[in-house]
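Just the one chain here, laid out as structure tokens, in the form predicted on its own.
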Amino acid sequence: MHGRPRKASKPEEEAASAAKAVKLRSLQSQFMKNHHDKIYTEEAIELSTKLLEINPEAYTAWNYRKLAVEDSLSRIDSDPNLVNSILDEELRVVESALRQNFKSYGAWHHRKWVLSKGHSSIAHELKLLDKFQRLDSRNFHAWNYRRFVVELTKRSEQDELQYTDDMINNNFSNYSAWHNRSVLLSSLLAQNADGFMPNERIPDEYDLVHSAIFTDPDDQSGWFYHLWLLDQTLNVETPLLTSSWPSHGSTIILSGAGCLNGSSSKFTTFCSESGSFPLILYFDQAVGGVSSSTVTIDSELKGNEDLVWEPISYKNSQVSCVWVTHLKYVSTDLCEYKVKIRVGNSPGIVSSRGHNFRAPYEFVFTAHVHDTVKDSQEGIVSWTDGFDIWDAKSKDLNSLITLDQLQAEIDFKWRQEAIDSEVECFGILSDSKIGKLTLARLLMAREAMVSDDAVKGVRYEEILQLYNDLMALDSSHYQYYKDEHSVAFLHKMTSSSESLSRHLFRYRGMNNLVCLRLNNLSLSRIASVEKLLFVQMLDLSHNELHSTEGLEAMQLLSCLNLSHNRIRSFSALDSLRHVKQLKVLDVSHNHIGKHSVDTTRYLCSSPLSNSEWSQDDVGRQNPGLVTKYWDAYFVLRDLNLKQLDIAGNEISGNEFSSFVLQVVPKLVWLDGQKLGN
């Protein structure tokens, strides 16, 4: 482990080990009797000492000694000398055990416990740690204990940072020292301590880690610290609003359920049975506190005085990047309404890291309310016919989404300079796997900061090629590189209106729905959804997706094609439970039901721990089928599907089809066949 090969045991060592085991069993038997009978005599305590000298990992023995210490302290007067004598003995036993096994969890935890009793020898601990760390400078137990002692002694973080300097300069491969350095710097940077402003300190840290990386490019310690530095360079503590739907300056058409006669509008048409439409806010990091007091809405639309904002998260968290509320409208009130949204004028929106939203933003859109003049269509939705190509030269896309215009004014200059310097530096190491990966990450970071349309997206081809090279060079991490390649491709595709429009279409069959076609692209991961909030129809067929994580943000989505992917269960579709507009879902020709062991099943609750499934009609009438198909049940019951395709999966068959019809009673089309009443 850690580059230190194991040595084969010699015969005399094996004999000594066998004798040690015999002695250990004898001691354990007598010790357990003392522990069970709560015997805390000197002889019994000495027996536990001998046991720990042989096996420092005997957790029960350490816990016994805690009970023995408490018993001893309860029977003496509060004489400091007597107290220290008892605690000194515990520290001696711990030190002896650590000499046997420097990585004993139980020993280090017991030493912490002794010091927490208020022992007076805390100042001695750092000297002892120095001695231990000279024996093994990378031992993370010692470093963890060091942080504990430093906190007790109130030693300054600057002094500890200098200590990591010394340890790193002595051995660049000291991963624990690099990690401790990141912990200390995170605190000092957050405090804006003197000499620790990010724009001043982080460039110096890059210079330090270069010394380690270029001295030994094969050692991982410096690379991990470099990755942490990259995160610090990109990290903007204040949460930002990155996109919304409707977007600023856009126009939407609202109507009741059904289709508009001859609808050919370039605007987004939204038909709703409930007489409401979603208002979506997408932040660059998870936030809480989005409410009617922190987001104000000025509109003549009636009935929107007390709006409830909900976080969209498959983890059911109260913080999320995506927040949604629903604005009501009356489909018979044919009129044009201006809607003004103010985000963050009042304090209260706070990131999961505790930072306040400090970039108030205001956007305005127009809502046209039209009456429905045709009955709702129940024809089958086709993924092959009825699409009109998007005119790439038109400016229709600007009415649907505003790309990269919701960013607050952030000082990116020093960040850009730091990233540019790193790109130039690591270009010479691009022949190695870690060098290629680091360069790809740096280029992605640089692209995220580009605001000039003339140069935006120019490095994506290089990034994609780097991940292609990595997939060929390092098969053991192929899936990771594949996922990152997919993320880079989707960032490239959404980097400009021109590139995005190549994948956009209008579907004539349903009010000219905006359709995004990303089929046959070998995608294994979904990304850049913050720029796709306007999409109503999404074709992801013939890819390599394993789940739908990320699609929960696309609240306008009514039609989704996931056929010919690598989805292994319905629980991998758990995020779709939040997409309330979804009417058409195609998951045909996946791997659902094929694998007996399903690692995605824990994305949603199991009926074994949730009894609510037995409270509805399906659960009461068919408890056996609900238990058998619980993941499908928990996903499908929350959807209002009219069309579902599941053919070509191991799970498909008469029994499952019958079950689906009970769970989704409003279904009209199943596997291409229209259902009876």
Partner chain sequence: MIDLPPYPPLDPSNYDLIIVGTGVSESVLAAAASSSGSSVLHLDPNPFYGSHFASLSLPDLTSFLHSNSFSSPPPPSSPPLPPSNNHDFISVDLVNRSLYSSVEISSFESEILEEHSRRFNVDLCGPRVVFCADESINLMLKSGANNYVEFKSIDASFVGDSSGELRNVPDSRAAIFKDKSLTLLEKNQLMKFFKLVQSHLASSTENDDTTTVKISEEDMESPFVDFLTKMRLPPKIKSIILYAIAMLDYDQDNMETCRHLLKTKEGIDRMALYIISMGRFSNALGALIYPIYGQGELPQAFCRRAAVKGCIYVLRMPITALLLDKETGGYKGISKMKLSVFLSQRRLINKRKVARGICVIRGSVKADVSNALIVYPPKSLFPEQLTAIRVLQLGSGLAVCPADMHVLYLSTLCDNDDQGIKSLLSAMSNLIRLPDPENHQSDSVVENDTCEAKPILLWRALYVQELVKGEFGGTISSMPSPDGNLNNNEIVESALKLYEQLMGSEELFKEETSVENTTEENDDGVDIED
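Residue numbers count along the first chain shown, from 1. Note that the structure is a prediction, hence the values are computed from the model and not measured.
Keep in mind that the form predicted in complex with the partner chain is missing from the display, and what follows is about it.
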* Asked: Looking at the partner-bound form in the predicted bound form, is Glu336 within 4.5 Å of the partner chain by any heavy atom?
  -> no
* Any non-hydrogen atom of Asp431 within 4.5 angstroms of the partner chain in the predicted bound form -> yes
* Asked: Asp159 near the partner chain in the predicted bound form, any heavy atom under 4.5 Å?
  -> no
* Asked: Heavy atom to heavy atom, is His210 within 4.5 Å of the partner chain in the predicted bound form?
  -> yes
* Specify the contacting stretch among 233 to 241, 216 to 224, 338 to 346, 93 to 101, defined as having any heavy atom within 4.5 Å of the partner chain in the predicted bound form. => 216 to 224
* Structure fact -> Among Ile168, Val324, Cys515, Leu439, just one has a heavy atom within 4.5 Å of the partner chain in the predicted bound form, namely Ile168
* Asked: Which residue among Val450, Ile86, Val364, Cys425 has a heavy atom within 4.5 angstroms of the partner chain in the predicted bound form?
  -> Cys425
* Going through 147 to 165 from first to last, which residues have a non-hydrogen atom within 4.5 Å of the partner chain in the predicted bound form? -> none
